[in-house]
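This document opens with one chain alone, in structure tokens, the form predicted on its own.
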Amino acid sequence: MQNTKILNSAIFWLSQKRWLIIATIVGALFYLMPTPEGLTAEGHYILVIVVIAIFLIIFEPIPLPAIAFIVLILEVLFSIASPNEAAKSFFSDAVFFIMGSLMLAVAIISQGLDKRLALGIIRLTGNKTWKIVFGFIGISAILSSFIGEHTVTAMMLPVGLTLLRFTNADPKQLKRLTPLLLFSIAYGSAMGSIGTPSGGGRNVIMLDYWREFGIANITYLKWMSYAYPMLLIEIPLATAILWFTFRPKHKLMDTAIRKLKLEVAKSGKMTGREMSAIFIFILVFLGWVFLSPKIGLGVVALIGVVLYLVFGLIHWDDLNRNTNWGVILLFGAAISMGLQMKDTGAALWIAENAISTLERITPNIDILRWFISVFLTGILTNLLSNAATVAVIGPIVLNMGGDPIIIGFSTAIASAFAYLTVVASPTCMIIHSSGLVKSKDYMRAGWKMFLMSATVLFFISKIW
């Protein structure tokens, strides 16, 4: 009996950890292969770590912090970096930015501004459903430019659910309206994350790479001047795609709006705490615009966190409990891998081989660079996190030649094309957590969004 229990436990463990075992076997095979010509031993080993990390991030057989620790351990064991060098590569201003922005999200959401935000959007859009969808996409996109897509989606999801609940208590009666509203939040937030450096961690990663590689020092406003024209073009196009993909029966939302106004009226006027929370975030935004070139995005975000704590708008226990520390560690691991790929020459080796391989298809080197920087990034970002994708792809595309600013922007922007799968981005996972959208709905609308975004990016990169 005891032996049977042990055997069953072993079988259960193997079934749960099969992707950990597969990742280990694949990594071992890559490790035992002869070092390819033109690649250093350290470059070979960092590619082994990248392959293992990709398997673990996609299938997540172990918690995210454990994956980050594995990256750190292997970098030291393979003599790619000393313990202090590996630890240093894990922490940078980009990591502090992610940590600070996650904490800011907790502080903002704790104030419960969702119903007031919903009513504010309705006052701008009116009661027609297509206008509300346009408003959701536009507001989500603009907000996520400054406070991050995961923050905005977390704030806007209760807004969408409130309107759906006030429209009809039976979800079966809202089969088309539900995905329409929820995807307008998720896709709007994903699109908007390209707008500014503070819109997403991968933007900060690209800024760090430009700075580390001695290419350029792009300011906050300069980034906006490159990215915002594309975002403003995408908003109406995304509205049309989602509307014709999920054309709802409810063309007006009068009932929901009346109920929403009653709920807000019951809450009374905006409190001093809510006003203070908004004021502090405005200060953080101004700091990102005017102070980040000198003290960094991360330090500005942490100043905002300190202000929320000092004025008692959030307690440390709440921040500690609700901040996703695993994401912060994995983000640091992704940056570390990217820097090691650059330092060991692995990124340059991949870039040269990718170009020489694709030259057999077309001799136009500009098309090759664009294809690698956009489509390869767009596909990987639907499998990995967008930050991990840019951390890995960034050093490769910046070593391909051509204008590193245009290629870098194209790569960072393409990492926002996370429309195809549930795990593509935090925005997709957050709306899926509601239990009201199905996995097939992502592909139903996502491929159209992907092609639209890639097409707009192509023309913007050529004319702007």
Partner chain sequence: MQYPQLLNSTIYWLTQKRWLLFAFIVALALFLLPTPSGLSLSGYRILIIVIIALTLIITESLPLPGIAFIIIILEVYFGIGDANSIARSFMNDAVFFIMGSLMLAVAIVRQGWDKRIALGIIKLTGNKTHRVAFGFAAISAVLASFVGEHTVAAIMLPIALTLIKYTSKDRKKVRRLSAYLLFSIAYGSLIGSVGTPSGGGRNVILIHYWQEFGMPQISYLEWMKFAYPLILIQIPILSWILWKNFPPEKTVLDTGIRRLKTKVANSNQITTKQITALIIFFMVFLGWVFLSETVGLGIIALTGVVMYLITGCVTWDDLHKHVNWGVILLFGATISMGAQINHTGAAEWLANNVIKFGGELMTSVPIFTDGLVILLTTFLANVLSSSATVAVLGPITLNLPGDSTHIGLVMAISSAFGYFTAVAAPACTIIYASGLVKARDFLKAGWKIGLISIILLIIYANTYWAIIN
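Numbering follows the first chain given and starts at 1. Predicted, not measured: the structure shown is a model, and the values here were computed from it.
In what follows, reference is made to the form predicted in complex with the partner chain, a form of this protein that is not presented.
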Q | The single option of Arg123, Lys175, Lys88, Arg247 touching the partner chain in the predicted bound form, heavy atom within 4.5 Å | A | Lys88
**Q.** Contacting member of Met99, Ile80, Met337, Val374, with respect to the partner chain in the predicted bound form [4.5 Å, heavy atom]
**A.** Met99
**Q.** Location of the partner chain contact in the predicted bound form, chosen stretch of 137-145, 189-197, 232-240, 67-75 [non-hydrogen atom, 4.5 Å]
**A.** 67-75
Q) Is Asp343 close enough to the partner chain in the predicted bound form to count, meaning some heavy atom within 4.5 Å? A) no
Q | Partner proximity in the predicted bound form: Asn320 to the partner chain, non-hydrogen atom cutoff 4.5 Å | A | yes
**Q.** Proximity of Trp325 to the partner chain in the predicted bound form, heavy atoms at 4.5 Å
**A.** yes
(Q) Whether Glu274 contacts the partner chain in the predicted bound form should be assessed with a 4.5 Å heavy atom distance threshold; does it? (A) no
Q. Which of the residues spanning 289-306 lie within 4.5 Å of the partner chain in the predicted bound form, based on heavy atoms?
A. Leu291, Ile295, Gly296, Val299, Leu302, Ile303, Val305, Val306
